[in-house]
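What follows is a single chain, given as structure tokens, in the form predicted on its own.
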């Protein structure tokens, strides 16, 4: 039983998302349980074709076409997800003090898409900078796209983006929780998003690292743990959560998806790209300690594994160090095999895809594993077919990023 006072417990009361294979939590869950991939092929100027995960959502549901043109792709994703989240949480912004609403969104990189596009446009005019868009600065400042959400919805509380590479989705949630615990806000719109496939530069960079996935069938390109995995599938997407203190959520009779029980974020401090299994294990253990849990208390571990040779193996090394033979009811899965690597949105989307397991008790699988790499062997690794866990009370969500940033969150089934 949780002994913390209700004003020190953080719960999830709404979720809005868009993923390469879904535009709502229900659709997303159905896709993960039915094996539906969201990966297709994208053709980019200068680079050529590559597998990618692209979202197809109705941006005009929450934005005018003029605002879509003047803003950013990341902003449109954020605005869509925030709108869906507000509706799901049954929060009417006209009826609350918007100075007590905060927006905290993780992102991997921002501004590259707009800068690449604008350089391309002025190239048509012999690079005459008088043709440079006056929208460039608000499009590329570090607090956009969280700021675009506040402008669209008239939210006057604090906002900022959280730059945490591929751990950003988890760290957006942690930041929202911390702001609630500090009593800076009553509602925190928190999560992560990515517009990465809209820039050729990220494809070219991963390609030069020999870390860009290739496959004749794009739906099979993202294959974490498989012996023939050959890199990352770059994807876009977003997931925004409504976080509240428990006493606040109960007072308004909000539905509760789960409780954010623990978290940790740390640094490898060893390399800009290559992961450090020891530091990852430290991060997982610290998150468990904050949650007051032992490894055997975790029912599902959603792995970060991106499909790179070193990254997948190092994470599995860390997981084996933490979750020993006594963790007989701990299942491991991976969501990137369905949607690719959604960068700043990855952790937030991947957590969302697992949350319904509190109700249906099903662990969605990792798909595309035809031959498991022995370096990635884990007990109860769910491959290709969903697994009935019988009961799910706690989910641990891994996320690790460049410059050695690690962030782990733990969500438990809500019990008053």
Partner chain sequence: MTREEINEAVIDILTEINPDVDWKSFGPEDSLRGTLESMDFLDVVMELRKRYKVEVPEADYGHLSTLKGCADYLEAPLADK
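These numbers come from a predicted model, not from an experiment. Positions refer to the first chain, counted from 1.
Another form exists, predicted together with its partner chain; not displayed. Remarks below refer to it.
K.L.:
With a cut-off of 4.5 Å between heavy atoms, is residue 125 one of the residues that contacts its partner chain in the model of the complex?
P.N.:
Taking the distances in the model of the complex, the answer for residue 125 is yes, it comes within 4.5 Å of its partner chain.
K.L.:
Quick check on residue 160: any heavy atom within 4.5 Å of its partner chain in the model of the complex?
P.N.:
Heavy-atom contact with its partner chain at 4.5 Å: absent for residue 160.
K.L.:
Taking 4.5 angstroms as the cut-off for heavy atoms, does residue 153 touch its partner chain in the model of the complex?
P.N.:
Outside the cut-off, so no.
K.L.:
Determine whether any heavy atom of residue 130 comes within 4.5 Å of a heavy atom of its partner chain in the model of the complex, and answer yes or no.
P.N.:
It does: once its partner chain is placed as it appears in the model of the complex, residue 130 has a heavy atom within 4.5 Å of it.
K.L.:
Report yes if all three of 64, 69 and 138 come within 4.5 Å of its partner chain in the model of the complex by some heavy atom, otherwise no.
P.N.:
Contact check passed for all of 64, 69 and 138.
K.L.:
Can you pick out, from 183, 217, 92, 121, the residue that has a heavy atom within 4.5 Å of its partner chain in the model of the complex?
P.N.:
For this set of options, the contacting one is 121.
K.L.:
Choose one stretch from 191-199, 69-77, 257-265, 93-101: the one whose residues place a heavy atom within 4.5 angstroms of its partner chain in the model of the complex.
P.N.:
Selected stretch: 69-77.
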